[in-house]
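To begin, one chain is listed below as structure tokens, in the form predicted on its own.
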Amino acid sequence: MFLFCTLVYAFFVFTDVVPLVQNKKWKVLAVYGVIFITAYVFTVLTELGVQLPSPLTPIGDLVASIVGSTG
């Protein structure tokens, strides 16, 4: 499964990143690269069986600090 995920990511590199380099869109490439590498790392960690923490608690705390406590 790890090899399949890597091949899928490689496919996306060739279809998405190559045109960005050819058109010299460096800022878009930088943002895309950060998101792409983060997603790939999470995929690899999941495939290796690493238990990733849920982002629900920090997001809930952020929403509560913006909206305020309703209870």
Partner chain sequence: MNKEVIPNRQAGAVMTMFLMGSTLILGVGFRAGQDVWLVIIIAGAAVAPFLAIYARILALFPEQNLYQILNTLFGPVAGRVLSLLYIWYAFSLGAMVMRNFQEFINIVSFPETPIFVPIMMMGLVCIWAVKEGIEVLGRWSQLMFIFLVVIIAVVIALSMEDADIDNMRPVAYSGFGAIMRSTFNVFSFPMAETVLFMTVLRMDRERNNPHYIFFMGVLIGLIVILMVSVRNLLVLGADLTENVYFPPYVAVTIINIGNFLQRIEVTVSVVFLFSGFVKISICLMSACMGIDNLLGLGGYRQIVAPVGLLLMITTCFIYKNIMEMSDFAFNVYSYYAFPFQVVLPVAVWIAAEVRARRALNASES
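Residue numbers count along the first chain shown, from 1. This structure is a prediction, so every number in the text was calculated from the model and none was measured.
Another form exists, predicted together with the partner chain; not displayed. Remarks below refer to it.
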Looking in the predicted complex, any heavy atom of residue 49 within 4.5 Å of the partner chain? no
Go through 1-40 residue by residue and record those having a heavy atom within 4.5 Å of the partner chain in the predicted complex; state none if no residue qualifies. 1, 4, 5, 8, 9, 12, 16, 20, 25, 27, 28, 31, 32, 35, 36, 38, 39
